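The data below hold one chain only, encoded as structure tokens and taken in the form predicted on its own.
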Amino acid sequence: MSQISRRQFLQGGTLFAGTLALTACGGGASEDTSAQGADETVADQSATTDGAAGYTTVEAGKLTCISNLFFPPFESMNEQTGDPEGFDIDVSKSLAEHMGLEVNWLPSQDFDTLVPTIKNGGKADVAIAGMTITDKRKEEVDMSDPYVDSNQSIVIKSGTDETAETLDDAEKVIAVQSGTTGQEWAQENLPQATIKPLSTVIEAMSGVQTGLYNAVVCDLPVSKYQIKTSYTDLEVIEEIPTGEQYGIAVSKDNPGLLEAINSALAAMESDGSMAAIEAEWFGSAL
């Protein structure tokens, strides 16, 4: 179920080439044996199943994660170090620790590519991305037990007279993050408006701030955090009680990993790890 990464393939190819060079000097009888040994080495590099744990990881001993890293406070890039940080980043670290693994974060990618990446396998083990558990996503991947409750929100620039009713107009442009439940809500509930999908919530917030867009629909915990820390001239005009819950996306081909993640999430709840992370990023337990 694990696939060879590009780096592992190159490492295996280098070892294979070196082995062939030795067999060329040693004669034909050892050539087959050496080639077989090289093949076994490549296989060993790609076989990362933990027999005791009963699951597979892309890289042995590591929990490889993907996300869109521009969704603060859940995930973002530290301006000084360039490293990922945020609520989900700390959750991933605690998950890995509880599972006896090291966490490994891949570069940011667009949110609407996360589920396909996990479904296809071979690149990452999980997507931890402030991702709402939906039936549609569960058709493609497995979703962990929920670890955050969320709702949607409508955000406008302070001082304007916009409402949910006035925004439902052909002349109004509503920014959303592409592939999110916020986009789905806006399309369903503001059908007259022009819905503008963007790569990140930050783009959406900035566009509302500059007057490029009339409003943004996004997850309530994100909008509250952004308004408090960065976009103080914006405001939430409506909290939309969608009753969403975030989960972690895992390949359907890796049920043992899903079980291990759910066990780790339960342990984090019982030992106070999750509450501590919530307090760090939201000021109190959620």
Ligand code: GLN
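Every value quoted in this text rests on a predicted model; they were computed, and no experiment measured them. Don't overthink the numbering: it's just position in the shown sequence, from 1.
Although it is not shown, the form predicted together with this ligand is what the next lines describe.
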- request: Run the contact test on Tyr55, Asp125 and Ser251 with a 4.5 Å heavy atom cut-off to this ligand in the predicted complex and return yes or no.
  value: no
| query | Looking in the predicted complex, any heavy atom of Tyr231 within 4.5 Å of this ligand? | reply | no
* Contact between Phe111 and this ligand in the predicted complex at 4.5 Å, heavy atoms? -> yes
*Find out whether any non-hydrogen atom of Glu244 is located within 4.5 angstroms of this ligand in the predicted complex, and reply yes or no.*
yes
TODO: State yes or no: in the predicted complex, is some non-hydrogen atom of Tyr147 no more than 4.5 angstroms from a non-hydrogen atom of this ligand?
DONE: no
Which of 167-175, 130-138, 205-213, 90-98 lies within 4.5 Å of this ligand in the predicted complex, heavy atoms considered? The stretch 130-138
Taking this ligand in the predicted complex and a 4.5 Å non-hydrogen atom cutoff, the residues of 211-228 making contact are Asp219
